[in-house]
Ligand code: AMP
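In the form predicted alone, a lone chain appears below as structure tokens.
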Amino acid sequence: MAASKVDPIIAEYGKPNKKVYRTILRAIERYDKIAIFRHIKPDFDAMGTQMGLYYWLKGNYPNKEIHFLGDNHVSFTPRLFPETENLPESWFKENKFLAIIVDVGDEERIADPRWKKAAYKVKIDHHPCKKEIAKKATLCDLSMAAAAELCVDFLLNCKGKVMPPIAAENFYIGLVGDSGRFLYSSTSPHSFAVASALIATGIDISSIYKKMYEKDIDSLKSLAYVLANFKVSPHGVAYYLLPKEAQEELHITPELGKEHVNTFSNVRGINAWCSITEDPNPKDYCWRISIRSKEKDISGIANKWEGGGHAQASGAKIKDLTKLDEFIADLDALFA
């Protein structure tokens, strides 16, 4: 499996990042033990980037010990991704290891706190953050459609290395997932150049899409519930609520509450759309909100409501439904 020629768009983008690319690559080559971390409640990009990097490292450094950590996903594992490893505490105490943290802005969002025990830390991400996790080796670009896109750019600029097809498949899932199948405004010529490089490894994108978006009967029933219960604000904000009782009736978990949020993406007169799902976890009881938008930047609204994210895809939360009208009014005002 020979290293392929780098696309001119990818090569050009990588020029300003050469210093941090060298820093990260040196760290990878310096440590024999590497653990890859990502954010809690993972999505396609978090798990795709994590597993893509895992397989890339295994393919290019077969003698290194590589691990991936974090919570499993209620639907993606083991259907799309292998179940997360459960490393004993002794591994972190006895081993001088490198932590690579992907698709995470701030440290409170990292799924496993043991990243703090690493001898050296690297971060690859596309989110704004309050405080850097890895000051010496941070690769962050808010313009990237996905963390997978940025990570692949770095890897393709590593001379003499190869992109194993299994790594490419996982990275492609991450890129497709966070770009909304290349529909969000964050999609750029660079996004397509990265996609092209991944496809060139021989991956079957038809099979990938089938695995990513395959549904079951319970999913159809939850979609029927959404369509029967959604509301639309005066200026085109569509939203639906999934209280605990509805989740139990539909046999879904809070993590699947946002599964149908993009049902409203191509409806004339709807400018933004949200899923609002009750999370009855006693440690952090709240209603979790996934927000999407056609054109306007909704990240400011998300930040106001204890969340954050990207211009057209963000998350937020409210403590209880007494705040729902105020939240919807804030979002509705963007389109007044």
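Predicted model only: the values in this text are computed from it and were never measured. Residue positions are given as counts along the sequence shown, with the first one as 1.
There is another form of this protein, the form predicted together with this ligand, and it is not shown here; the text below is about that form.
Stretch 299 to 307 is the contacting one of 47 to 55, 65 to 73, 299 to 307, 28 to 36, since its residues have non-hydrogen atoms within 4.5 Å of this ligand in the predicted bound form. The single contact residue among Lys221, Arg114, His127, Lys211, judged by any heavy atom lying within 4.5 Å of this ligand in the predicted bound form, is His127. Out of the listed residues Lys161, His251, Arg109, His235, Arg109 is the one that sits within 4.5 Å of this ligand in the predicted bound form by at least one heavy atom. Under a 4.5 angstroms non-hydrogen atom cutoff, this ligand in the predicted bound form has Ala313 among its neighbouring residues.
For the chain shown alone, His260 is not a contact residue for this ligand in the predicted bound form, no non-hydrogen atom being within 4.5 angstroms.
Remark: Ser290 counts among the residues lining this ligand in the predicted bound form, judged by a heavy atom distance of 4.5 Å or less.
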